[in-house]
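Below sits a lone chain in structure tokens, taken as the form predicted on its own.
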Amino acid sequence: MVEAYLRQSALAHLGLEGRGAGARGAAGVAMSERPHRGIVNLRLDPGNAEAMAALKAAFGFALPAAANTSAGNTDTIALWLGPDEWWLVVPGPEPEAGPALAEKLRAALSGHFAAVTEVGESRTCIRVAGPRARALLQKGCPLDFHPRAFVAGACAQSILAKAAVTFHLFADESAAQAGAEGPVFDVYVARSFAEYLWAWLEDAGAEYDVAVVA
């Protein structure tokens, strides 16, 4: 487990918390870092009905079976990455969150052939939200981010400005009607590419007015 007092987010040196102290105003894009998420990579044969049932009992939801979809609850989100691969993500920043999630998975899958690997400390999450979020991401990614093609809950592995990323559309435009900031994308990227990708997003989003939020 990572020592809490040694832990720094990938973008801590940019002082984003200080920049995010102001109001968002009418900015077309709002960006923030959502660091220290517990992320565990799971490899498992989806045809193993007993193992899949054990996971559903342990977490309260079934792993997503359809390509590029997600499932979850307020505690844990599962992202489909491939026919036998998922990420399970817990949003809490506590150092023990990732190891606890991995241990919970191993306990549920005891006796089954599966691979459980913590990867959270190698990634950070950049949240890109606002009415121009889709247009911004479309500038650097070959995926189709049109609301009809990339709906709430969708996830996908791709590239953004040549950096390998995993996208998760946390909320779509319907959230804006309820007073939220939708659409809301979580973009997971390796720590070593985080500063580069943040700088690219700010530069590419300049025409939309980018607000840094806490």
Partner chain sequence: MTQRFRLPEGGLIDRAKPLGFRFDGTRYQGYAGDSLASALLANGVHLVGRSFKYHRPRGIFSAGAEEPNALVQLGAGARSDANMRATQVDLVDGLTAASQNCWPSLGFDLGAINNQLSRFLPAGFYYKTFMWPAALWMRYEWVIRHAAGMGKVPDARDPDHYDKTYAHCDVLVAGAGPAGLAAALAASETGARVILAEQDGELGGALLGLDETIDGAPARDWVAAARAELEARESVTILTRTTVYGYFDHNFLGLLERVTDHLAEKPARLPRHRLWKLRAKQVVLATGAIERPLVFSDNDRPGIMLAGACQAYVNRYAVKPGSKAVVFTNNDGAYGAALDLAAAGIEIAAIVDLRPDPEGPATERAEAAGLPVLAGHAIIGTRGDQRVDQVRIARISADGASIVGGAGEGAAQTIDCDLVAVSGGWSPTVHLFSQSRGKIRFDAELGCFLPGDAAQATHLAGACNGAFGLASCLQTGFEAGAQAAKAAGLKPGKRRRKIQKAPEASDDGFLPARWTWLVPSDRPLGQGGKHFVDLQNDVTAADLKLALREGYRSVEHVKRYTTTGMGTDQGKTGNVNAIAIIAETQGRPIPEVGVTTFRPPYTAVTFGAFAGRDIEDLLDATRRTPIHAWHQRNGAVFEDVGQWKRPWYYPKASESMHDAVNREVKAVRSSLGVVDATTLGKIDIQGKDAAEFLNRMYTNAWSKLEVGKCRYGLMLGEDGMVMDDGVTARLGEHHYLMTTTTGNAAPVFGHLEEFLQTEWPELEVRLTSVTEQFATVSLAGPNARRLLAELTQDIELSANALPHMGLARGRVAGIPARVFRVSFTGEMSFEINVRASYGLALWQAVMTAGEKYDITPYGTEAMHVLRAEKGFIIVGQETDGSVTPLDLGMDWILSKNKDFIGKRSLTRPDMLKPDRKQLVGLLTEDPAEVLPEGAQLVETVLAKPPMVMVGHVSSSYHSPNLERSFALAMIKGGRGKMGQRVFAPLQGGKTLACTITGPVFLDPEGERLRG
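Keep in mind it's a predicted model, so treat the numbers as computed, not measured. Residue numbers count along the first chain shown, from 1.
Omitted from view is the form predicted in complex with the partner chain, to which the following refers.
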For this session: Using a 4.5 Å heavy atom cut-off, state whether residue 107 contacts the partner chain in the model of the complex.
Result: no
Exercise. Is residue 41 close enough to touch the partner chain in the model of the complex, meaning at least one heavy atom pair within 4.5 Å?
Worked result: yes
For this session: Answer yes if any heavy atom of residue 73 is within 4.5 Å of a heavy atom of the partner chain in the model of the complex; otherwise answer no.
Result: no
Exercise. Looking at the partner-bound form in the model of the complex, is residue 56 within 4.5 Å of the partner chain by any heavy atom?
Worked result: no
Exercise. Considering only 68-99, what residues come within 4.5 Å of the partner chain in the model of the complex, judged by heavy atoms?
Worked result: 84, 95, 96, 99
